[in-house]
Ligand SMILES: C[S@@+](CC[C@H](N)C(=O)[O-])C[C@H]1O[C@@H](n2cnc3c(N)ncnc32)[C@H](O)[C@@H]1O
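Just the one chain here, laid out as structure tokens, in the form predicted on its own.
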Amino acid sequence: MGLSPDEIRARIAAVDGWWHSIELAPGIVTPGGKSADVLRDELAALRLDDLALAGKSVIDIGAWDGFYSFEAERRGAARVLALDHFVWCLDFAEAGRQREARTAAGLAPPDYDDIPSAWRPDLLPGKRGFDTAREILGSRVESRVGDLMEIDPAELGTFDVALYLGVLYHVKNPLEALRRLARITREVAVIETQAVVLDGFESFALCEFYETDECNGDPTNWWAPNEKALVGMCRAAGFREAKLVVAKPKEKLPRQRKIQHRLTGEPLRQARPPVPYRAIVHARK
């Protein structure tokens, strides 16, 4: 017997901190940090229709609440594996309290997995949303707690399609991450990541590095590649080709700013500040 609408709402309310807005029953949607409208636009931008997921195996790396895992299943994927480690092991409420305390003390924000009281792989507090959604949906999506950077790719196996959404800029070694991604991908990997326009340097493969929490106030954001770097890293990692399906923005760039010699104070050249955006690549084997 299925759950009543009131029971579903109660189950949703028992989860602290939904990230995805997932419709678990007609008209009943989880209160995600990403709204249903935002997810609809993201889904369209990924161009999953081009990949014909029906009958294929899919891995969703960094699945969080599982919106894209369940979407792949809804589109007819024969097998879907949701893989996560960081989010599922983290107590976000405790991490937020510890970060606020450090900020008040004038200290740099910590990397979340460096907060012992918030790192709970024994309880998996961050996985409650996924487990709740899976149960209510009656989903067959599999789950595995693990880090792509630590699991032997041979042990993980291979998948027709790999979803690597919102993860690349969180890893400290992005090229190694893409190499591991290539090893588990049979056909195509969909990579969505923070990226940057470095005006005047388009012919160079460059990444902007974030020392602390300069990117979206998150100390776990490390890198933002430009287009040339992102596509080049995909090929260097073992993908045959990498096609940008969402490229750099075409709107007017910020005004130029002067860069001065640090000793003489004389202007050296004109430059524009980096322009962040979200890039999407279909990387094919």
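Position 1 is the first residue in the sequence shown; the rest follow in order. Since the structure is predicted, the reported quantities are computational estimates derived from the model, not experimental observations.
Note that the form predicted in complex with the ligand isn't included here; everything after this is about it.
Interface residue among Val87, Cys215, Ala205, Ile136 relative to the ligand in the predicted bound form, by the heavy atom within 4.5 Å criterion: Val87. Among the residues Lys228, Lys243, Lys34, Lys56, the one placing a heavy atom within 4.5 Å of the ligand in the predicted bound form is Lys34. The candidate stretches are 127-135, 205-213, 98-106, 169-177, and the one lying within 4.5 Å of the ligand in the predicted bound form by heavy atoms is 169-177. Taking the partner from elsewhere, Leu165 is found to have a heavy atom lying within 4.5 Å of the ligand in the predicted bound form. Looking at Ala224, you'd find every heavy atom of it more than 4.5 angstroms from the ligand in the predicted bound form. Taking the partner from elsewhere, Leu148 is found to have a heavy atom lying within 4.5 Å of the ligand in the predicted bound form. The ligand in the predicted bound form is approached by Trp64, whose closest heavy atom lies within 4.5 angstroms of it. Along 66-82, a non-hydrogen atom within 4.5 Å of the ligand in the predicted bound form is carried only by Tyr68.
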